[in-house]
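Below sits a lone chain in structure tokens, taken as the form predicted alone.
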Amino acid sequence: MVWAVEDPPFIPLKWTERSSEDMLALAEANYAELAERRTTRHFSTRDVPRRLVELAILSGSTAPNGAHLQPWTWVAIRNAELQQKIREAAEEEERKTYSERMPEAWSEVLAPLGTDAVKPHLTDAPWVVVLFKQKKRQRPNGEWGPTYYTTESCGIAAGMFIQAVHNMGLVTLTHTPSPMGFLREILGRPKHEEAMLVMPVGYPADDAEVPDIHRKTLDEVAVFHDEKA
């Protein structure tokens, strides 16, 4: 059976045309801002107002997504006891990963980044935001159905969340302890939700450092088939 909606509601697109000069200036400014973005593992314990985290989540939730199902749940934690539980469980899994599970090829590329099984950012940062992807959704008839392009949708949402955090003057980190089933248990999430990313949010520590690494050039990451070049 194919579902169809007769005369689905549409509204006019809100869009304002900008001059070529304005577009270029905005694009250059946006790139210059993001070029300075770095991931740090060194967070200050300084508090961050809840409204800033709410706005980062709302910004992430504007992401395009499969069939507009918005298949994400953001769990924002500013709770020392919960953060300690998450850290202990994450470090237990990470110790197993670094000592038993990690293949040599993975260890090789992590070495320059200086990562290890100790995760102080989970308790130092004032907020920890866990992004869960929803693998199912409840249909209008009460039955459960799948979501579509869930990983892609949540990945885009995470990227927009990260940009929002950076633009407001804070820092974040994408942490992926593996496996992550403990997060659903600690945070009491339903079985159809699967943790995808752990993102501490806060101010950088006064002595925060980042690896001395460099991003690939445009020629290394893009291919143009441009007949007007």
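Here the structure is a predicted model, which means the values were calculated and not measured. Residues carry their position along the shown sequence, with the first being 1.
Here the subject shifts to the form predicted together with a small molecule, a form of this protein not shown in this document.
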Q | Proximity to the small molecule in the model of the complex, single hit among His166, His175, His42, Arg184 (heavy atom within 4.5 Å) | A | His175
Q) Given that the small molecule is left out here, which of Glu92, Glu152, Asp116, Glu108 has a heavy atom within 4.5 Å of it in the model of the complex? A) Asp116
Q. Can you say which of 94-102, 153-161, 134-142, 79-87 gets within 4.5 Å of the small molecule in the model of the complex, counting heavy atoms only?
A. 94-102
